[in-house]
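Only one chain is given next, in structure tokens, and it is the form predicted on its own.
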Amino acid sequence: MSADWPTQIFEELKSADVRQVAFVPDAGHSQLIRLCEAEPTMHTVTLTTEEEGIAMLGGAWAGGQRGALLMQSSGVGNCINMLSLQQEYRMPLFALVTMRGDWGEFNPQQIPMGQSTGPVLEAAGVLVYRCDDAALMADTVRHAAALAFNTSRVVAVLIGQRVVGAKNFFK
């Protein structure tokens, strides 16, 4: 696990001119969220549920700004119906998804959605890229963001637990 991957993502978001960042609080994204909150050119919005971010970022795009949605894999299921908004109107959506339910998971309730996140997103028409190596994070985020914003597509980067780190609340 590399401690600087959130900073790499943050730098790529700035380079991609991301101005709005929507998120449901998540320990995996906590450092990235703090970086975005401290950046004066970025407006951050704490969501009550992930699908709110899809509508919010569609509005940001309609208003001329780029945005990113930060969430955990367990929240992906909440978004499936709302993804039709971006698909139908060809508005880009760039999502960064911290994974649960895979490498080193301790919580059995995280496994079903964690194992189905990629296939569910792909079935909804999302272009999905998984990153399990922190050394590849900046490159993965850079190219996924370019694809989303340059082609008006819905693109998600799944950040594997090998990068985020496996949680263990039993120790």
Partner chain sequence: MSSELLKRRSVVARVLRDRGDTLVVTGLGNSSYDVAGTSDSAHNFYLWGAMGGAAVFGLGLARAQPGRRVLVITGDGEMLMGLGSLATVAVDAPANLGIVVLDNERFAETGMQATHTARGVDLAGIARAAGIADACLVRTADELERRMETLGAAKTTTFTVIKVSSEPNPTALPPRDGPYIRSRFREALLGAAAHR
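Numbering follows the first chain given and starts at 1. Note that the structure is predicted; figures quoted are calculated from it, not measured.
Another form exists, predicted together with its partner chain; not displayed. Remarks below refer to it.
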| Residue among 43, 130, 34, 143 with a heavy atom within 4.5 Å of its partner chain in the predicted complex | 43
| task | Could you work out which of 139, 105, 52, 39 is the residue within 4.5 angstroms of its partner chain in the predicted complex, going by heavy atoms? | result | 52
| said: Looking at 60-68, 131-139, 110-118, 25-33, which stretch has residues with any non-hydrogen atom within 4.5 Å of its partner chain in the predicted complex? | reply: 60-68
| task | Answer for residue 20 alone: is it within 4.5 Å of its partner chain in the predicted complex, judged on heavy atom distances? | result | yes
| query | So in the predicted complex, does residue 152 come within 4.5 Å of its partner chain, heavy atom to heavy atom? | reply | yes
| query | Does the 4.5 Å heavy atom contact test between residue 80 and its partner chain in the predicted complex come out positive? | reply | no
| said: Please tell me whether any heavy atom belonging to residue 47 falls inside 4.5 Å of a heavy atom of its partner chain, as the geometry stands in the predicted complex. | reply: yes
| message | Do any residues of 98-129 have a non-hydrogen atom within 4.5 angstroms of its partner chain in the predicted complex? If so, which ones, in sequence order? | response | none
